[in-house]
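Heads up, the chain below is alone and in the form predicted on its own; it's given as structure tokens.
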């Protein structure tokens, strides 16, 4: 955390990268941090604003192809996010934001666009667009509860040797590729150190409080006291039951 013991949460270009409720991830993290008595500074950056490299946790969401390309180019030119990661900051990225963190992704009209190279993944096109509920079984340390969300993407994301899968897909597509440890089952998401990407919209952190608390624990230096919200648990139970009924 920052020297003044205030948690700095930075949402990067939510007007470009904030589809399907992803902008709500900032609100979720701020709420859950404040519920534990933490001071929070929540920052939303307009497109083109310099990215401060002194944040604790950075958020990127989904976006259309042109917006994704614009965001990637601005972030490469700015360099602030890369400096923050080098310093040890955490990153949570969703869909287009996840792809931007990798080495390459399909830009406008499918033309390959270089990413930020902050996560060892690369993305090309799925044979068929993935749309619908996504349910995955976590394999990352610190996560035990099923991951639930909504996916809408055309990208197939391939994990390199420096990235580990976040989860195995139970329902849906996720990365659309299988990790070496998944026995042919599709993997979902990827992480390396404290940089994490996923295809979970919803917003993903509202539907997965355990994942939100894991991110917070990365930047606070240890596990958090339990905090349970009945409305959140009711939403999770309804979504998990609904997707399993249709599976």
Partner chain sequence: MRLQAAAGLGRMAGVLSKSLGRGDGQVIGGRVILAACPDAFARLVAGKRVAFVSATNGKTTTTRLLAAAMAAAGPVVTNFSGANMPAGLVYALARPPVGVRPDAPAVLEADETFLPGLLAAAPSALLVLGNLSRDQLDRVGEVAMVARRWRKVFAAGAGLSAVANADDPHVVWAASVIPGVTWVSVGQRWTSDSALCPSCGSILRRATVDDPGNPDWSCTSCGFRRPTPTWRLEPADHGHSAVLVAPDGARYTLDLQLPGQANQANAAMAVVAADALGVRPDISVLALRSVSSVGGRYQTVSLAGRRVRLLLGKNPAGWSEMFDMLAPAPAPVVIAINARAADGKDPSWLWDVPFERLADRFVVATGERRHDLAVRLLYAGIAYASVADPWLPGALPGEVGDAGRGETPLDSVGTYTAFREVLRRGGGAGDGG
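Residue numbers count along the first chain shown, from 1. Quick caveat, the model's predicted, so the values are computed rather than measured.
Missing here is the form predicted in complex with the partner chain; even so, the following discussion is about that form.
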Could you work out which of 42, 185, 67, 38 is the residue within 4.5 angstroms of the partner chain in the predicted complex, going by heavy atoms?
-> 67
For the partner chain in the predicted complex, the stretch among 139-147, 126-134, 164-172, 111-119 with residues bearing a heavy atom within 4.5 Å is 126-134
So in the predicted complex, does any heavy atom of residue 206 sit within 4.5 Å of the partner chain?
-> yes
Hey, in the predicted complex, does residue 27 get a heavy atom within 4.5 angstroms of the partner chain?
-> yes
Answer yes if any heavy atom of residue 225 is within 4.5 Å of a heavy atom of the partner chain in the predicted complex; otherwise answer no.
-> no
Closest heavy atom of residue 152 to the partner chain in the predicted complex, within 4.5 Å or not?
-> yes
Of 5-27, which residues get within 4.5 Å of the partner chain in the predicted complex if you count heavy atoms?
-> 15, 16, 18, 19, 20, 21, 24, 27
